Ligand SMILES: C[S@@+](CC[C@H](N)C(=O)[O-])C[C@H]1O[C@@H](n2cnc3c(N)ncnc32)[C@H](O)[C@@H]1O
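This document starts with one chain, in the form predicted on its own, laid out as structure tokens.
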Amino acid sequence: MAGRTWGYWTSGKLDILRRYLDAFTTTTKNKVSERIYIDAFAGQAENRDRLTGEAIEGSARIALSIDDPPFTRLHFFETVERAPKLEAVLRSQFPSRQFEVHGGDCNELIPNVLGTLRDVSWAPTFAFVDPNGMEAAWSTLTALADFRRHRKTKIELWLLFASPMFTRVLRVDGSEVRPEDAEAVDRMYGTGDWRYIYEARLASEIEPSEARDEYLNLMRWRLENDLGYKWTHPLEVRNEQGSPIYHMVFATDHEVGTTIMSDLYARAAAEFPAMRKDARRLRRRLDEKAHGVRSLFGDEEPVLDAPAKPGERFYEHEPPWRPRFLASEE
């Protein structure tokens, strides 16, 4: 099978992306002639569900498939090694579309590309920042926010924030934090204030889950208070076992944007438990088939996630709180 394999949560995340991009361009229909899409970590065009083997359409293909109306300027960023293949696949599938694939470190390339787009900085712009870990630099988020800072609304950002990763790189078992890991966290936040959260965790002042909440909150706080976004929306994504793996953080100044993404998050929060349940059931069936056994429950399975009730809403926006652990409060 071609491409990387991913868990069910990747399909859910990309479904939200598709729905939001469709709404994003629709709201600008008959209003503007240009729409810009930036994909900082475009990945591969061809991906697979790790359980079913079914194809998963990557973010670049999703952006190019939005056509009513389409994005007029699309910029995809990938590593030097992967960019040529991504471009070849996309051009074979979308031969009539205009787009650019940039090979290299997006943190170094994005500011330069934004410079080439200054003459159309009035165009509605969406940036998908979806790293595998902590590769997205604060300087890149700043460059994106500054691109339309003189306009009524800034670039809308959708950022993957992997706070559970901190429990792996910021150890509390007596091990020293590796300098390269500390530098990566500094680079991601653009500040060393995360260290105060870490020190509180080392002192057992907060539990692991509280530390994850504080790390997430610090990012949201900086997006709003340092970059000037009016709203930030976090959606927690969990794996098949129910463990948190990352948050998708949406940042916007546009009231329509915050309304649409709130609705999409509410829908996803209701659907993700069902997706976890389906993934667990399929995994069980595959394991049983591999071992030549049959479940006592047959096709039925004990309910692992309570179903959503009619009209029940699973997401409501809450603003970030002032971080409890800041250098200025030492």
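Just so we're clear, the structure is a prediction, and the values are computed from it rather than from any experiment. Each residue number is its position in the shown sequence, starting from 1.
What comes next is about the form predicted together with the named molecule, which does not appear here.
Contact with the named molecule in the predicted complex, judged by any heavy atom within 4.5 Å, is made by just one of Glu135, Glu224, Glu240, Asp181: Glu135. A heavy atom within 4.5 Å of the named molecule in the predicted complex is found for exactly one of Phe147, Phe250, Phe128, Phe166: Phe128.
Just one listed stretch, out of 257 to 265, 281 to 289, 65 to 73, 33 to 41, contacts the named molecule in the predicted complex at the 4.5 Å heavy atom level, and that stretch is 33 to 41.
Heavy atoms of Cys106 reach within 4.5 Å of the named molecule in the predicted complex, making it an interface residue. Shown alone here, Phe77 lies within 4.5 Å of the named molecule in the predicted complex, counting heavy atoms only. Taking the partner from elsewhere, Leu14 is found to have a heavy atom lying within 4.5 Å of the named molecule in the predicted complex. The named molecule in the predicted complex is not approached by Arg171, whose heavy atoms all lie more than 4.5 angstroms from it.
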